[in-house]
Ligand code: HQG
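One chain follows as structure tokens, the form predicted alone.
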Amino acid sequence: MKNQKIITKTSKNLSLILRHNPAVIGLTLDENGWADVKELIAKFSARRFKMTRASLEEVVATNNKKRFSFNEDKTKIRANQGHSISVDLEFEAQAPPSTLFHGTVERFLTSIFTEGLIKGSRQHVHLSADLKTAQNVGSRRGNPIILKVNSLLASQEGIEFYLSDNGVWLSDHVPVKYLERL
């Protein structure tokens, strides 16, 4: 799959299927979000467009956000985080870096500084360990606003943080008292 547009389209469709709506192609995920690779390829190819094992492996390997992972023997695949459907990704709470960042836009600030960072329709709030990633995330919806999260204090006070396989920090909720606009 040399065409970047095809890789991007395949990645977006995989995100839809593995993070939000596997039923769109008649696929079922297990309780931990894993899909059988052979079944995914067959059902994806039958309803969307041709996919081979090689093209799937290329999408997983070249996805700049590392959204997908294979299990050890590459018989199963899942999204690393960002699900709007209920799956148990088996994350264990970890001590975060002292500061994390969240990229957003102006129109969400009133809500954020009232309720804190909430997961909304997703399973977790997404945070980054570096400012540049937060800026990239925020810029997808307009002029980015970066929030600094005092994750060390939050963790010490009982807020749990998890690290996904692709380096995204996750939490169920980050209260306002740990947030600062940069």
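One-based numbering along the sequence shown. Predicted, not measured: the structure shown is a model, and the values here were computed from it.
Just so you know, the form predicted in complex with the named molecule exists too; it's not on screen, but the next bit is about it.
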Is the named molecule close enough to K38, A54 and R78 in the predicted bound form that each of the three has a heavy atom within 4.5 Å of it? no
Only one of 153 to 161, 38 to 46, 23 to 31, 114 to 122 sits within 4.5 Å of the named molecule in the predicted bound form by heavy atom distance, namely 114 to 122
Any non-hydrogen atom of V137 within 4.5 angstroms of the named molecule in the predicted bound form: yes
Taking any heavy atom pair closer than or equal to 4.5 Å as contact, tell me whether P96 reaches the named molecule in the predicted bound form. no
Taking the shortest heavy atom distance, is K50 within 4.5 Å of the named molecule in the predicted bound form? no
Contact of K132 with the named molecule in the predicted bound form (heavy atom, 4.5 Å): no
Under the 4.5 Å heavy atom criterion, name the residues of 84 to 112 that approach the named molecule in the predicted bound form, in sequence order. H102, G103, T104, F108, S111, I112
